[in-house]
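As a starting point, one isolated chain is supplied in C-alpha cells, in the form predicted on its own.
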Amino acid sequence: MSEAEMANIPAATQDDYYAIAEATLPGAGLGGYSLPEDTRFIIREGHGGRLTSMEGREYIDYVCGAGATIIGHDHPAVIEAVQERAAKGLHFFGTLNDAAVELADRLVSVIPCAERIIFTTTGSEATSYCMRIARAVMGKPKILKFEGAYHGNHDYASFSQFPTHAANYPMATSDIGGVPEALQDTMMVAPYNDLETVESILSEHAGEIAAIIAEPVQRIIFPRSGFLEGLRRLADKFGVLLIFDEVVTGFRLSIAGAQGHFGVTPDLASYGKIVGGGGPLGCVGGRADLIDATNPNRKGRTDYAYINGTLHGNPIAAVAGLATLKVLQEKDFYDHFHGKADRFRKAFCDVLARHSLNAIVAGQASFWQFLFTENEPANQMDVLASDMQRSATLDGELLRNGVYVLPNVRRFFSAAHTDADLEVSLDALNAACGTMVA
C-alpha cells in the first residue's frame, strides 16, 4: 500500500477502541474497575500529574497509578534510566542481574524492618508471601486481618475486603466468589483502630495465629494515636508476628514508609509497584531469620517458604525504582510534598464549605477522598455510614469536569502536581459542587 493510500485510512477513534474493549475485556475495563459510559475515557499518555485521552482531553490525575507514580508519569530521571537499561536486555531469569542487586542494597538501607528482602512482581504477591513466611516459620495456620483492609487479589486476602456490615468478630467471611470455603478457617478479622478487640482475639486464639497483617493507613483511615504501637506490643505479648502492608504507604509517607513516619517497626513488610518506580516489581522486607525461610537451599524442609516469579528482579523495573528512590531522597522532598498536599486539601475544603456541602476531605499527607460525613473515619463501618451515593455522584461530576478519580476510591496527590493543576481541579470541583447543589 502506498503512503498516499495509507494517509487516506481514517485513524482509529476512541469509540473504535471501546468497541474492541467491549468485545474482548469483561465490562470493558481493566481488573476491578470500569467507569460508567458517560465518564469513561481511554488513556493515550501521561505527563507529570496529568493524563491525555485518545480524544485529546486532559485530566488531572489523582489515581496516580494506584499511588505508584509519586513523582509523576514521566520524571526525566526515571525515563532516562529505563531507556538506557532497555538497550541492555529487557528481562532475565534464574540468576542475579546487577540492577536487581543494587536495588536490593538500597531497599535494605531505607526500609527499617528489612535486614533482607525478597523481590516480587506485585503487591498482591508480596502480601501472600508475607503470610506464607509467617505460617512456615511460626508453624501456625491463621492470620488476623482488619475489616475492610485490602491486601491484594489472592484468596487469603479476599476476606472482609468489601464488607457491607460489621463482621461477627473474629469470624472471617469472603465477599467475592471463587474463594474456597476451607480457607475461611485460616483467616480472622477485627475492626481497625480497636486494640481491645484485637487483644481479646489474641487472648483466645494466639496459639493458632501466625501473624497480624495491617495496612498502617487502611485505605483512607489513619491509625489513632497508639494503635500501631499497641499492635506491636500485643504481637510481642502473644508471640505472633506483625506484618505491615506498605504497598501504598511505602515511600509515600516518608522514605522509611509508615514504619518511619509512625515509628513502629514490624517483623515483615510488603511493598508493591513503587519499588519498581511504577513498573512490575515489589518486595517483602523483614528480619533475616524470617526472610531466610525463602532461601532456595532450604527446599525440602517444612519451614521453607517457596517464592518464585519470572519477573522478580526485572532489570528495567529495578533501574526505574533506583531512579525514583534517588529523587525521593533529595533534600526536603517530603517537606515540600506534604506541604503541597496540605495546601491542595485545604483548598478543596474551602470549595466544599462555600457550597455548604456536608462533606469532608478525609485523609492526611498525600492521601485524600471526599466523604459525606462530619468526622474522619476510624474504621470501615464509619466509611460505610457516610453517604456513599453522594460521594459517588460528586466523583462522577469531577470526571465529567476533567479530574480523574475512581468513584468512592481513595486517591493521592503526587509531587508532580502543580499550582496550575490545582486551579483546574478547583474549577472542576466548584462546577461539580454547583451541580450537586442544583
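Being a predicted model, the structure only gives us computed values, none of them experimental. One-based numbering along the sequence shown.
We do not show the form predicted in complex with a small molecule, though everything after this point is about it.
**Student:** When the small molecule is placed as it is in the model of the complex, which of 297 to 305, 353 to 361, 148 to 156, 72 to 80 ends up with heavy atoms within 4.5 Å of it?
**Tutor:** In short, 148 to 156.
**Student:** Identify which of V247, I118, A317, I221 has a heavy atom within 4.5 Å of the small molecule in the model of the complex; exactly one of them does.
**Tutor:** None of the other options qualify; the answer is V247.
**Student:** Taking any heavy atom pair closer than or equal to 4.5 Å as contact, tell me whether G257 reaches the small molecule in the model of the complex.
**Tutor:** Output for G257 is no: heavy atoms all beyond 4.5 Å of the small molecule.
**Student:** R252: heavy atom within 4.5 Å of the small molecule in the model of the complex?
**Tutor:** Although the small molecule is absent here, R252 would stay clear of it in the model of the complex, with no heavy atoms inside 4.5 Å.
**Student:** With the partner left out here, check for me: in the model of the complex, does some heavy atom of E215 sit within 4.5 Å of the small molecule?
**Tutor:** Yes - in the model of the complex, heavy atoms of E215 and the small molecule come within 4.5 Å of each other.
**Student:** Would you please decide whether G123 lies within 4.5 angstroms of the small molecule in the model of the complex, comparing each non-hydrogen atom pair?
**Tutor:** G123 belongs to the contact set for the small molecule.
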